[in-house]
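The form predicted on its own is given below as one chain in structure tokens.
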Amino acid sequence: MKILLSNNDLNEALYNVSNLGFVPTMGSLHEGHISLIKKSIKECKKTIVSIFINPTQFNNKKDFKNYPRNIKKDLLILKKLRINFVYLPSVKDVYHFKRKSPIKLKKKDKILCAKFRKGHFEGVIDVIDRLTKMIKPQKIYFGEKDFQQLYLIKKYNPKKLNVKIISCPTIRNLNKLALSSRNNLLTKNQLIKAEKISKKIFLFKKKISQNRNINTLVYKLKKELTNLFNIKFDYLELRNKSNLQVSNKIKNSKLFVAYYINKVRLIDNF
């Protein structure tokens, strides 16, 4: 495994490399990341993983500062997986050029997390575009846990990048909680609470498959969870997974959720 610390390292290491799979991460690696990396290893001749906590996608400086970091543990995990390259760029490496025109979301895309986290997805789309141009992979891997992110990257990804975007299923623990780096910020009791919330939403989605008054039931569920667990929701909404428009049919739809346990914001989709 080669550790690349600069753009010069990157250019040197990837010179003449073909059939390259790329897994972009912000570190604090868990089984969700590992599933993406294993898929890349299986499908591509060589795999590169980046670890970069991107400042431009945080609309809250405190959130950026508190984001979990564990580079030593991450490198041990990557070494065991026998990946070819790990890229650890600096902010200067990634943002070494200015855009001619800034990335802007269309009005209809300013929904769900984009509504509550101003500038977040513009930052995500920008950094993925930059890293993809620098690395030039054939395939790039994302988890469906961040479904809106995946949807927007596919939508705003310039075709000239010539990269295939691969979506991979959400990895959950036995209690249906989606694995996330942010789970590391929860106490043991808060983690149990998050698991109970996920399990309730999961079972709710499973049960209501044939019900016609779905949005009324979703509203009742949100109210019930708020009272039961004393949590604050940003949203709990049923939306079509093809275009993210509000839906009242279970078919081809997902239940999207964002809520806070104490000050930790968790997102998921079912």
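All residue numbers refer to positions in the sequence shown, first residue = 1. Nothing here was measured: the structure is a model prediction, and the numbers come from that model.
The same protein also exists as the form predicted together with pantoate (PAF); that form is not shown, yet it is the one meant from here on.
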Among 123 to 131, 188 to 196, 168 to 176, 80 to 88, the region lying within 4.5 Å of pantoate (PAF) in the model of the complex by heavy atom distance: 123 to 131
25, 146 and 149 all contacting pantoate (PAF) in the model of the complex, non-hydrogen atom within 4.5 Å: yes
Contact test in the model of the complex: residue 142 vs pantoate (PAF), heavy atoms, 4.5 Å: yes
